[in-house]
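Considered here are two forms of the same protein chain, supplied as structure tokens in two stand-alone entries, structure 1 and structure 2.
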Structure 1
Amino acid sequence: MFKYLVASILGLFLLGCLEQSKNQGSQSKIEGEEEAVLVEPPHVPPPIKRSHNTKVIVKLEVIEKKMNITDGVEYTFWTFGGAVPGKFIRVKQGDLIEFHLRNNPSSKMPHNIDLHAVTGPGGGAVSSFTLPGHESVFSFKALKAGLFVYHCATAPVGMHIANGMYGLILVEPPEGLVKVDKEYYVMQGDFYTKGKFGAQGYQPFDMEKAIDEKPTYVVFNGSTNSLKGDKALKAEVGERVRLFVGNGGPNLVSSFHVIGEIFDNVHREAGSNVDHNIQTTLVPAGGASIVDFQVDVPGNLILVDHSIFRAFNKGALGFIKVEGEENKVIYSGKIEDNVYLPEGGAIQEVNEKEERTIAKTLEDQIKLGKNIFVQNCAACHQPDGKGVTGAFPPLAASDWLNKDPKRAISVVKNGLTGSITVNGEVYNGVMPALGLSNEQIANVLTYVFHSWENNKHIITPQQVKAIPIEKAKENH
């Protein structure tokens, strides 16, 4: 009887151990070996198909190189694998990772790596300290599943991180992640340059701003342009999109949000619990989040840090371009634009106003255009047309405006994103499409062209009509 009891307690104990090893992957059997496929942002390696654990050999090279942080602005980035963030690493819980950190001979600095997926001193930092032209090797067991930040931890640590030395390693749980249609890699970082936002030419790192935590740029994937235009992320209506979101910092915490979407599933702080129906998820410096959502209607979704000045004034903006069939039930688009008179103003007056959008003389057109300007444009471009330096470009004596009236029509009709230079200043904001009629656009631009030393173009509704509507921008 006593023997039986001991045996069963022992048995339970062993079972407990097994259970734990299954959870932690520390005792898993390693079969064979393979070299990891490392992938540059915004892409990620494909999901892992094998069901066993293996030795994964990771070869990552540190490269110091100049790249553009925004149009016309060069910065010396220190990178893991030539990109910011560094190349994406994908392994399975229980795998043994043999890590080769190489430091390109052209580097000026020694570097190392601290992976938050490592259980061990410094996350591998001391073992991986590597001089230019050298390679360090160490290994670790991926004990826990999750999405982990890796970063350089060579002194001055803040400076190495501020120069772009971070990336993500995904440790898949044994059963893998739920299947989705598209997976993307987005990592936020704050940058500190001597010149202010958009100041042209080469910009060196500014230690004082970094210590004061006053970034010049806050961007996704190392540049204000990394997820714009041709480089916008893509999806089709009906698809499920997963974003592996990281934050390299070095200083700021991100309030990550996608304008026009609700996250169906969020692994908050990239842990194993999944929350649903989240609007904005916090991504700490040196932390990550895994979000997914189904896209239901076409248009542009906008990735932002919802600490919103960072998005519109420091660069933390990116796009997911969704293509496919409209679904007017889920989102109608603008159905009507009605005159609203709260005091129950005279019907007669309304009728007169509506009629009066069609101008009969140039003088009339300018007068009507001025009203439209005051109501629709002045909030951003200011009543005197001088704009706000760094945020809203001037319309007064604007070289950009006067150069190409057709382009100006398109801006008011379709909105504008991406970097432009107006009178020597770089602007990289979002001008929304305002849904004005062709007559209204003709009138407001004619007013603008006849004000503040602009060059007196007359814009007709026919000209406005001739400029194509850009569909993708409609849903902003």
Structure 2
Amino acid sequence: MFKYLVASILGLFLLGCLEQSKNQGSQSKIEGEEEAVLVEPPHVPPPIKRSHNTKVIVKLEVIEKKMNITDGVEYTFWTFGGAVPGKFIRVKQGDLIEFHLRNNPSSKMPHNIDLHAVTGPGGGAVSSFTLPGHESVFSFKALKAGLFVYHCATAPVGMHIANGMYGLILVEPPEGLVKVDKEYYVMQGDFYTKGKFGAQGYQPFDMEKAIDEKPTYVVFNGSTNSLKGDKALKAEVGERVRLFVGNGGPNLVSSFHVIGEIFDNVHREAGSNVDHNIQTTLVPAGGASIVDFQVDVPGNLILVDHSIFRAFNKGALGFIKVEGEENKVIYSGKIEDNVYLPEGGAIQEVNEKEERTIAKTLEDQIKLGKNIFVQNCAACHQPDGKGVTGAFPPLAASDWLNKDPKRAISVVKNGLTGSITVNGEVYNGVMPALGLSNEQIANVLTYVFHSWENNKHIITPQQVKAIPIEKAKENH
């Protein structure tokens, strides 16, 4: 009997704590005011140090602007604060938010904002419909802690979101978040252009593709290159990294994964419950997640949507560059490289279908070759041709590539397995045959040879055709 009495008392106590937490935001006292620090991705404002609640003034401007969605491809983004995703907003549970939505006079469309952190009609959308050159002001109490999406909700809603009108607002719990060494802001979105992936020049929005949910691009932070090269996220061995991960959609669910890491802690859908040791977490369209992990070894960690063709063929790929001392116990690197020759083996076949657009000039050939490179090669060898140290050899100023154009043709046509030395560094891996036509191989190699301080060889389809189709073999 005593056991059941204790359980009942404990249950009432926990229920009281839950109600106290639930009412935390609505009953808090407001002291003073401050203007919110708004930060563009991939960075976030610093953690909130104050212990009291205050009035937070948020000033966010809508700007319609052309930016590159990938190399050589312009798109008109509609943005909150000039960036995709919009600027990161950080407040505290119980704060009173005075929101100023400003629509730049150069805008062609009215806009508003729906914040999933708002308890009220339309998440603020009803009160924030704003014409170009105007400002709307409304307020709300941050009642619940969590990481929330905000987006435009002006008709047609899907089009506004598809053009990049989304971002994240973090409502910290009263006690704040557990301290980490680095915090970053990553948000996925799917984009719909008239032209195919990599088609050069200005590309307008395609409503039919959007309705059919067939995106041309799926990217992090508004571009295929937003988290690559000099823009890669950075960390040191031993540091704990927190990612605020959002998904603006408008259509796709993200299977968010970091290749080379396991999430120590995951706030699924950015709620209060925390799961541990998670490999991949689903982030719904219009949802978010908070993940953190300690980095233990140096190298490049790769952020992907593990619906994997989106990563390597539509752009949902980024990097965390980790520097520091190696730990061979945790990760040894390759210890041995032994020959393995199973019986049989199929001869690789190459699709010899004629390319739709035949290059008539060297300029055409380079332009077409760049499109092929972006679609098939950039994910590994990187958009700047510099490769990934220890994984994918550089094509930029490559002594191995420039020494023998016929060998380069054979590699693209037949694939490559084994060890090669490029600019003094040994690479050991597998490159599959890509199934390109003779015309496509000639174009992409001509583009590579005319880029990044290479020796400007011109490759013709006739030269490609002269190279025989072979069994995959080691090349040194």
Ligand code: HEC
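Every residue number counts along structure 1's sequence, beginning with 1. For the two forms, the rigid core is made up of the largest set of C-alpha atoms that agree within 1.5 Å on superposition. Model, not experiment: these values are computed from the prediction.
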Query raised in the report: Structure 1 or 2: which one is the form predicted alone?
Result: 2
Requested in this report: Look at Trp400 and decide if its Cα position differs by 2 Å or more between structure 1 and structure 2 after superposing on the rigid core.
Outcome: yes
Query raised in the report: Hey, does Gly415 budge by 2 Å or more at the Cα between structure 1 and structure 2 once the core is superposed?
Result: yes
Query raised in the report: Once you line up the core, how about Ala379: does its CA shift reach 2 Å between structure 1 and structure 2?
Result: yes
Report summary line: Taking the rigid core as reference, the Cα of Thr460 travels between structure 1 and structure 2 a distance in Å of 24.0
